[in-house]
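One chain comes next, on its own, written as structure tokens: the form predicted on its own.
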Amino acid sequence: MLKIQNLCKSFGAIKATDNVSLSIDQGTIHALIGPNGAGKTTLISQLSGYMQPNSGTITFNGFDLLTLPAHKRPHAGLVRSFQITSVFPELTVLDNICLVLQSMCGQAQSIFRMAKADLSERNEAQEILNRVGLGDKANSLTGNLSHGQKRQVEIAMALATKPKLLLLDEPMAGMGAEESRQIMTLLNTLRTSVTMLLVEHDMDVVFKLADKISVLVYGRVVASDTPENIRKNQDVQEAYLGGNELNPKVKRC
């Protein structure tokens, strides 16, 4: 579904992504891990169009993704979530989803007005909320939700775009154990309907969810393999300072 070849992005003398090449197969959860500063978010930003690479290619379903600006990539089926939750706190949960549905069909003229959707849109939004486990929160103000529930709203907003590939940038960031478990369960239920590229520091989540793991160190992919083989890879163990971060019982904050 996604093929990245020789992708390079530099900031002065710093190579944030250094000749990165990897492929993501349709119907899989592909995890991207690496130490802080490895270039993970920079890579995600290039895929979503928020940064342009210095060189290299990105092909999405056979199409040259670099020809599309960031705001058109969701319409092509590539949607990103952020480390910091991005929702409309002053709107109800249902209106957050309706606003996305309207924007995808060109009806939303202003993000500052209340989403006024017709019955079919509201029904579709309700179905999406049911899917992510927030059906009973439809009429709640989004700003009053817990951090984990806001993450669920963000995922629901992403699903409203009917994505083919979800770019999830640390979806468990700032969560406690129970909230992380709920989001992990949600992502696991979505795996049959949407392909995911998951950037995550929680190794318990990574090794339970991922079909394949790529390891980024100093902007370079040092390994890309199954979770079992990644766990045993000596180069990866050394990159993670003796292997503690590859122990699924040890979580990194």
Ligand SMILES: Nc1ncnc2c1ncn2[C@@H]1O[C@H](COP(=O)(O)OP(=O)(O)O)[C@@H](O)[C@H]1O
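Note that this is a predicted model, so its numbers are computed, not measured. In this text, residue numbers run from 1 along the sequence as written.
Omitted here: the form predicted in complex with the named molecule. The next part is about that form.
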property	result
Residue contact check: A16 to the named molecule in the predicted bound form, 4.5 Å heavy atom	yes
Touches the named molecule in the predicted bound form: P35 (any heavy atom, 4.5 Å)	yes
Close approach of T195 to the named molecule in the predicted bound form, 4.5 Å, heavy atom	no
N61 within 4.5 Å of the named molecule in the predicted bound form, heavy atoms	no
Listed range touching the named molecule, judged in the predicted bound form by heavy atoms within 4.5 Å, from 36-44, 223-231, 184-192, 65-73	36-44
